[in-house]
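First, one chain by itself: the form predicted alone, in C-alpha cells.
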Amino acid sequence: MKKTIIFLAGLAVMLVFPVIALRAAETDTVLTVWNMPSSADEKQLQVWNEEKAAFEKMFPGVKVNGISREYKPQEFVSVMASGKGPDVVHVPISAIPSMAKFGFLAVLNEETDTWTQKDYMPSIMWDAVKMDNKIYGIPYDSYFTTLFYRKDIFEKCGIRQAPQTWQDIIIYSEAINKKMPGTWGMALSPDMSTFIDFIWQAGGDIYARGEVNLNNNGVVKALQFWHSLKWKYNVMPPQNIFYESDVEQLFAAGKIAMMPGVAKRLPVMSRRYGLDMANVEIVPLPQGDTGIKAWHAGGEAFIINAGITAEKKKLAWEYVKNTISPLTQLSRFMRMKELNMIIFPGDFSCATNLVNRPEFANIKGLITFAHAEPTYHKWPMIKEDFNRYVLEKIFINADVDYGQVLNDFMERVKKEYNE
C-alpha cells in the first residue's frame, strides 16, 4: 500500500472532482444500478436517494434507475448472460474472478490508470480484483474478519479482557458455561469464509502457483480446533449445524458470548434480531497456537457491465467515481451522524477508512495481518463443497477422520475442478 489509510475528512481536502458535460446523445440516458437499499432500511434508502439526486443534478438528463437487488451468484450469471444485467453493481470481491472468466465484466485499466484515488486503496484490495494484470472491479468497501464478544456476559463471568489466543477461547467458554448454564462460549457455522482465517493462523495456506491445496497441516490443525470446541470441550450449543443466521440470532439473544464476524453485519443483527450494540465489543481474532495473527480481508467492488455501450461505460465510470469520491463519502458520514445511524468502517470506501477514529481503536492495524482469498475463478465452488463435505462433517461426527475426509475432498476437487 503506497499511502497510509487516513481519516475521511483528511482525504476530502484532496478532492478535485471533475464535472463533465454530457453530449446530446447522453440526454435521457438511464443508468441501471443495483444495490439500492430496500424500503425496510428507511434511513439507508434516504441517504442513497439523496446521493442519487446529487448525481443526477450533476449530470442533467441522466436518470439513475435504482433497483433493490443484491448479488446472488446463480441469479447474477443468468441475468448477465441474458443481456439484462445492471450497468453498475457492487459484488463481493470473491465473485470477481468467475464473473470475469464469463466475460461479464468490463476491463477498467484505462479508467484507473490516472485515477487519483487508486493509490489510497490498500494493495490487497486491488490484488483481489485483478487477473492477468487486468482490473475488473473497483474496490468499494472493505472489511476484516474480527471477533465480536458480549461485554455484558464477560462482565457477569468476571472476564476482564478479550481472548488473545485459541486457548483463551476455550478457557473463557468453559468459564461462561459454568457461570451461566445455557449460555455458551461460541457457535461456528460450516463456512470456509470464516474457517480460512483459522487455517492461516495455524500456519497453513490453501493456494499457490495456481493450485488449491486443502490437505495440509494448517488445515488439519484448524479442523482439530473447531472439532474440539464442539466435541472435546463442549463449549458450543448442542445443535450440530449452525448457519450464519443461527449464529447471529444466538449472539443477539445472549446465548453465545463470542462469534467471528465482520462489522457490517452488526447493524443487520441489530435490526433483525434486536441486538443491543452497547453490549458488543469488536476486537481482532485471537491468534493461533503458532502465535500467528491472521484474518482475511474482503469487501465488495463495483463492476461495470461489459455489454454496455462505450458512452454508457463512461457514464457508469463517472457514477462509480462519484460514489467513492471523498466528498460523497464525507457527506455520507455526516448525513449518517445526523440521522443517528450506526456507523462502521465498512460503510465507506476502503480509500476513506474510519479505522483511525477512537471508537475503532481495537481494530486499527488489522490490514498488517490481512490475507486475501484466492483469485481463482473456481474458488467459490470449491468453498461451497468444502463447507458441505468437510466442515459439516466435523460438526456432525464426533469421531471424524480428518485425514480421510481431506483426502476424499481433494480427490473430489481434482475430479470436478480439474485441479
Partner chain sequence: MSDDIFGRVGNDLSENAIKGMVDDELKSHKKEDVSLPIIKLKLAPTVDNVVDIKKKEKKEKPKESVFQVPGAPGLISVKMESTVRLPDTLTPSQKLKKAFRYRRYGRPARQTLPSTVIVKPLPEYKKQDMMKLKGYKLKKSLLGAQMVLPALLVFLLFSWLPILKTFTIAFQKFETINKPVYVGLANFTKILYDPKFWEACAHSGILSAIVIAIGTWIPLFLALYVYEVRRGSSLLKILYFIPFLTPAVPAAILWKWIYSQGFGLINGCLSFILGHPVAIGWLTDSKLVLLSIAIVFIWKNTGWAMLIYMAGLQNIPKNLFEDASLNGASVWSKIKNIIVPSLIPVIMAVVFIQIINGMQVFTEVYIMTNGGPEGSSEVIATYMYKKAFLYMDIGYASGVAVFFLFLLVSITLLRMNLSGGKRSNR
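Residue numbers count along the first chain shown, from 1. All values derive from a computational prediction rather than experimental measurement.
Keep in mind that the form predicted together with the partner chain is missing from the display, and what follows is about it.
Asks: Please pick, from 342, 107, 77, 292, the one residue with any non-hydrogen atom lying within 4.5 angstroms of the partner chain in the predicted bound form.
Replies: Going through each option in turn, the one that passes is 77.
Asks: Would you mind picking the one in 241, 283, 334, 171 that has a heavy atom within 4.5 Å of the partner chain in the predicted bound form?
Replies: The option sitting close enough to the partner is 241.
Asks: Although the partner isn't part of this model, could you tell me whether residue 392 comes within 4.5 Å of the partner chain in the predicted bound form, counting any heavy atom of the residue?
Replies: Answer yes; at least one heavy atom of residue 392 falls within 4.5 Å of the partner chain in the predicted bound form.
Asks: Taking the shortest heavy atom distance, is residue 72 within 4.5 Å of the partner chain in the predicted bound form?
Replies: Because a heavy atom of residue 72 falls inside 4.5 Å of the partner chain in the predicted bound form, the answer is yes.
Asks: Within 4.5 Å, heavy atoms only: does residue 263 come near the partner chain in the predicted bound form?
Replies: Residue 263: no, not in contact with the partner chain in the predicted bound form.
Asks: Does at least one non-hydrogen atom of residue 412 fall within 4.5 angstroms of the partner chain in the predicted bound form?
Replies: Close contact exists here: in the predicted bound form, residue 412 approaches the partner chain to within 4.5 Å, heavy atoms only.
Asks: Which is the contacting stretch out of 78-86, 154-162, 220-228, 293-301, given heavy atoms within 4.5 Å of the partner chain in the predicted bound form?
Replies: Answer to the contact question: 78-86.
Asks: Assess the spot marked by 111, 195 and 372: is the partner chain within 4.5 Å of a heavy atom from every one of these residues in the predicted bound form?
Replies: Not a single residue of the candidate spot has a heavy atom within 4.5 Å of the partner chain in the predicted bound form.
Asks: So which residues in 101-136, when you check the partner chain in the predicted bound form, have a heavy atom no farther than 4.5 Å from it?
Replies: Going through 101-136 in order - heavy atoms within 4.5 Å of the partner chain in the predicted bound form - the hits are 102, 103, 104.
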